[in-house]
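Only one chain is given next, in C-alpha cells, and it is the form predicted on its own.
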Amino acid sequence: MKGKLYLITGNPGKVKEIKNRLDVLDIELGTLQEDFVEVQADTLEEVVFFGIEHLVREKGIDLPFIKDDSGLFIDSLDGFPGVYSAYVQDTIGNDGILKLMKGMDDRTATFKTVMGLHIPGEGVSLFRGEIRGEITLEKRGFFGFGYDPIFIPEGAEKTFAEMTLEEKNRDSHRIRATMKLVDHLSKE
C-alpha cells in the first residue's frame, strides 16, 4: 500500500508510537477524530471490529484507516479492567487500580492492543499485540499515557512511563500489533 493512511484517535501518544513504525513504508499517517459508539463486548477484537463497521456504515468514512483499542488485563482482578480500560482510566485512574490491588501479591498483568485496518473494498484485517508484565505499587514516570505509570513490562525495570518513546517502541503491546500491520502492508 502507498499513499495516506488515517488513524482514528484523539490520542497524540498513539500517533507518535504508530507513526514511528509506519515510517519504514512509503505511507503518510494522518489522523481523524471521529465520534463513534464503543460497543460493550467481551474482547478487544469485537470492540475494534464494531467501531470500524460503525465508522464505515454510519459515518460514511471511505478512506483507508486504522482503529485500535487497548486494554490492561490484571490477573488477580480476573482480567479487569480489560475491555473497559478506557472507562476505568477516565473514572478511577491509576490511583483507583492501585487501591483495588492494595495488599495483593500477584501483580501480573497483560497489556493488549488490537489494531484494525480498514481498506475500502478489501474489508477489515485485525492485528493483535500483547506484552506481559506487572503492576507497580505506586505510579512511576511522566512519559506515555494511560496505564503506563503503573505497568512494568517483563524483563524491564522501568514502567512504560519511565521510558523514552524510543525505549517503549522497542517492545510494547502497541508496537507488536503495529509491526504485524506493517508486515501486512508491506505485502500489499
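Don't overthink the numbering: it's just position in the shown sequence, from 1. These numbers come from a predicted model, not from an experiment.
Heads up, the form predicted in complex with inosinic acid isn't pictured, but that's what we're talking about next.
Residue contact with inosinic acid in the model of the complex: Thr159 places no heavy atom within 4.5 Å of it. Using a 4.5 angstroms limit between non-hydrogen atoms, Arg176 is distant from inosinic acid in the model of the complex. Contact annotation: Ser76 falls outside 4.5 Å of inosinic acid in the model of the complex, judged by heavy atom distances. Inosinic acid is not drawn, but in the model of the complex it has a heavy atom within 4.5 Å of Ser85. This chain is displayed without inosinic acid, yet in the model of the complex the stretch 145-153 from 58-66, 115-123, 145-153, 24-32 comes within 4.5 Å of it by heavy atoms. Residue Phe111 is the sole member of 90-127 found to place a heavy atom within 4.5 Å of inosinic acid in the model of the complex.
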